[in-house]
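The chain below stands alone and is given in structure tokens; this is the form predicted on its own.
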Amino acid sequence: MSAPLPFTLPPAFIHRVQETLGEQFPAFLEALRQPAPVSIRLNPLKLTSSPNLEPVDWTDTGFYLPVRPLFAADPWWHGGGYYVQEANSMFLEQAFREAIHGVEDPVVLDLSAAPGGKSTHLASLLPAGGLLVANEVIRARANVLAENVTKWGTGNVVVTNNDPVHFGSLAGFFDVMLVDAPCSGEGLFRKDPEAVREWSEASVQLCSQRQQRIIADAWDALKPGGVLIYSTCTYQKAENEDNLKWLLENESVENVPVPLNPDWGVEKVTAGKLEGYRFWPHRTRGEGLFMAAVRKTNGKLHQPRRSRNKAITPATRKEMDMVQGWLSGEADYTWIRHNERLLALPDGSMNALEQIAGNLKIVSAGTEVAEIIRKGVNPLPGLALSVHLNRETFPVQEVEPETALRYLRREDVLPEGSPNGWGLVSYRNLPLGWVKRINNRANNYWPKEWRLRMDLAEALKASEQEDRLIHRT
């Protein structure tokens, strides 16, 4: 006899899923009894070698871990070497590759982006010259999003803090729009007991209506010919296929098929002439997910207008000279001055940034390279964590696990042999951040809001597990 579930499923949910799955329903329940799989996605521009771990089928950079370690004890996690992400969500890679096929320098919107799993994935997949706008309506969550994007370090992301309706002023602007919509959360029942307690048939209907409203609010921002990628973490047809049918009835759209490998176990479903892809936990190693891609076939192209945000201006030659050599390939960037900070974005992105700044509230943009202090500049955390950092410009101090963890706790560590002035703390060849040595002391410039609050002894013990799982496997 199988063990009981660790939570009580709502009867209405059981009835509907049982009707949908038929003889597969016992296998579905058995999957919910098992621990949720643990998976990570590597940053391909920071970690160039693959660990000896089981890969996730639909992405080049995803891997399963045999157990869940205490990630906060791993400096690589803090330094953006990898992102802890649910495996099925990484299917976005397949849909996005289809969406940008043949598009040069795409401008992409992740409408509901916090905490940043899908945004960091998109940032890694963007071609050179592409730009991602990662948006979050709740300011506290937008700050978390900006932190994760900064740590990822690709420098091709603008984080904004806006309601979906605000994007209507950027009509015809985006080549791709991802709507990872708030939903009833059925696919997360195994991981989140609170989602089980909050579920009801009424909440499903409210979620469906909210999802339609979000799409409708932002729909004009998508170019004609642009692609909407729609996803939820629920099995509900009312939130998935029915919303595709609603879109088909109210807008001019066509299907964008995503190739599937039959061995993946992904279920293809139809909604009129549109397709969707459903992930069940008994058929794939991950949580519940639905994803679809549709192309907008009408509408108007964006008509640019000058930015109303005077805080964003092109950096002067003098300002750029102060950070000369700090980034590799300096000709590949657009340099911006924003609120006494020097930012670097993909070359040619000034026009797009002006449109974004003139219509949206920017939280962070590109690589934050330096803060302008009187007649000089100080390097910022975003530079240390950037994949574009020129490591030959600053002294690099490679440190052992204990010193790395002390640094992340914002202790004033003084790496042996470090010279006076600015130095870069690095762990296993992955830069973490800045210290500034002044004779016999050193100031720690790891941001206060990112400080590791874990007890040092506990963190050191936990880091040994990460070492076995990720670094030496």
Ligand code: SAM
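All residue numbers are counted from 1 along the displayed sequence. No experiment lies behind these values; they were computed from the predicted model shown.
Keep in mind the form predicted in complex with ligand SAM is missing from the figure; the text below concerns it.
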**Request:** Would you mind picking out the stretch of 287-295, 179-187, 316-324, 96-104 that comes within 4.5 angstroms of ligand SAM in the model of the complex, counting non-hydrogen atoms?
**Result:** 179-187
**Request:** Could you confirm whether E239 comes within 4.5 Å of ligand SAM in the model of the complex, counting heavy atoms only?
**Result:** no
**Prompt:** Could you tell me if D74 has a non-hydrogen atom within 4.5 Å of ligand SAM in the model of the complex?
**Reply:** no
**Message:** Can you work out whether A113 and ligand SAM are in contact in the model of the complex, taking contact to mean some heavy atom pair no more than 4.5 Å apart?
**Reply:** yes
**Message:** Taking any heavy atom pair closer than or equal to 4.5 Å as contact, tell me whether I214 reaches ligand SAM in the model of the complex.
**Reply:** yes
**Prompt:** Which residue among V396, L260, I138, V144 has a heavy atom within 4.5 angstroms of ligand SAM in the model of the complex?
**Reply:** I138
**Complete:** From P164, G299, P379, G130: within 4.5 Å of ligand SAM in the model of the complex by heavy atoms is P164
